[in-house]
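Coming up is one lone chain in structure tokens, specifically the form predicted on its own.
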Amino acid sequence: MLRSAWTTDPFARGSHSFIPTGSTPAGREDLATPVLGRLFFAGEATSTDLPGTVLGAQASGSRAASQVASVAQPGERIAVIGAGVAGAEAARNLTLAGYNVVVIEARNRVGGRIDSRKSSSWPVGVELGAWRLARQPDAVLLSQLTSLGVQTNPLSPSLLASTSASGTADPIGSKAVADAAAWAAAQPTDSSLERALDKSGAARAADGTDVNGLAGSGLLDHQLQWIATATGADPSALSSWYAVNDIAAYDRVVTGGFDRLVTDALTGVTTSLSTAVAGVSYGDSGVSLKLGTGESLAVDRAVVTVPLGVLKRGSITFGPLLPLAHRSAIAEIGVGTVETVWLRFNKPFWSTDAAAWGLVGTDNDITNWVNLEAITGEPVLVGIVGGRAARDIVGLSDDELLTAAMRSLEPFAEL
């Protein structure tokens, strides 16, 4: 077993940004606005088109590099804080433009929330961070991965199961969410997705259905659990006006080597690992970075690409304080968590060739699985958990998590 822990990771403090009830996407634009032409922000939380995605993070790095180039003089020294996808893309573009670039990364590796693991004891490459993609919106990214020799595979077909019945996925849950969002859009004020499902009557309508032996209420619950694996948030926190629009329709997975996207971008770029930035001072004459080692680094400008969760925790102090619009954005944009648990078996105990599994009508925290045997031929299952459930499983010991995972998989043993 291998498991992620983005919830407690001090260099992430979560895995996804989302729009909570009462907030708007305008906060993402505010956070992406340069400060005095000295500080620039990138990362998936600053993306208005593809928030919470790898492609959105990559595009934000390119955008930040363009913002720097619009005000910087040739040969200036630029620091990029963070060696994730956004930081790598910003560094690549700035280096190609002729600037003196240094990337500063707190971890002992590059990749950020892409965490690729390769071991002789695993028959497949393990991705503990981002690894699910959507074929249409991620077309550009998928093309890049192909050119880098990174394998991706389709994530289909799907299977829903309970302790008493099974069948293919039914649109009951997705219809209820769509109906709730449509109702909310006609209301004068925003409300949570949970409240919209209740007040619109969409939850009650779903409750009165039964498809292939699966209760409509269970199908809706499973849909909400799946949404949590895409946004990192529960329906009680998600804006019914905006957050539903951010949900990706994952239909491909990366099967190892996703971090090549970052290592390729950082080829030839000076990168300092295991070097945390504790403070950023900025003014008309430049930027000074206070490093965790106690040393300082003076640069002309800096691109900040650390995850939103790190900014929320105040792990980096800014002097002077960031403008109010930036501080408001950091406070208002939500941070959610998606965790994965990877299980390797000597041989499969299942017979289905469905690649995506969903468990309906259970109190188990792990209800969504990817069957990599259907994709790669190797007996590996990956559990995906989001929102409150993700925070709960992070607190489990390895033995407790393994017990919960195997209990979740029992209904699939004969399928």
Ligand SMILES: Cc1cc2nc3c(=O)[nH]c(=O)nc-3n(C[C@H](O)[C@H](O)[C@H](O)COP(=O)(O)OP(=O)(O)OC[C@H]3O[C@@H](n4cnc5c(N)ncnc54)[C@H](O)[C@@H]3O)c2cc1C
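Note that residue numbering follows the sequence shown and begins at 1. Here the structure is a predicted model, which is why all the values come from computation and not from measurement.
One more form of this protein should be noted, the form predicted together with the named molecule, which is absent from this view; the next part is about it.
By the criterion of a heavy atom within 4.5 Å, Gly111 is counted among the residues contacting the named molecule in the predicted bound form.
Using a 4.5 angstroms limit between non-hydrogen atoms, Val54 touches the named molecule in the predicted bound form. Contact between Tyr99 and the named molecule in the predicted bound form is not found at the 4.5 Å heavy atom cutoff. Taking the partner from elsewhere, Lys175 is found to have every heavy atom lying beyond 4.5 Å of the named molecule in the predicted bound form. Residue Ala106 is the only one of Leu214, Leu220, Ile78, Ala106 with a heavy atom lying within 4.5 Å of the named molecule in the predicted bound form. This chain lacks the partner; the member of Leu193, Val338, Leu289, Leu224 within 4.5 angstroms of the named molecule in the predicted bound form by a non-hydrogen atom is Val338. Partner contact region in the predicted bound form: 123-131, out of 91-99, 123-131, 180-188, 319-327, criterion any non-hydrogen atom within 4.5 Å of the named molecule. For the candidate spot formed by Trp6, Ala83 and Ala276, every residue has a non-hydrogen atom within 4.5 angstroms of the named molecule in the predicted bound form. If you take 211-245 and check each residue for a heavy atom within 4.5 Å of the named molecule in the predicted bound form, you get nothing at all.
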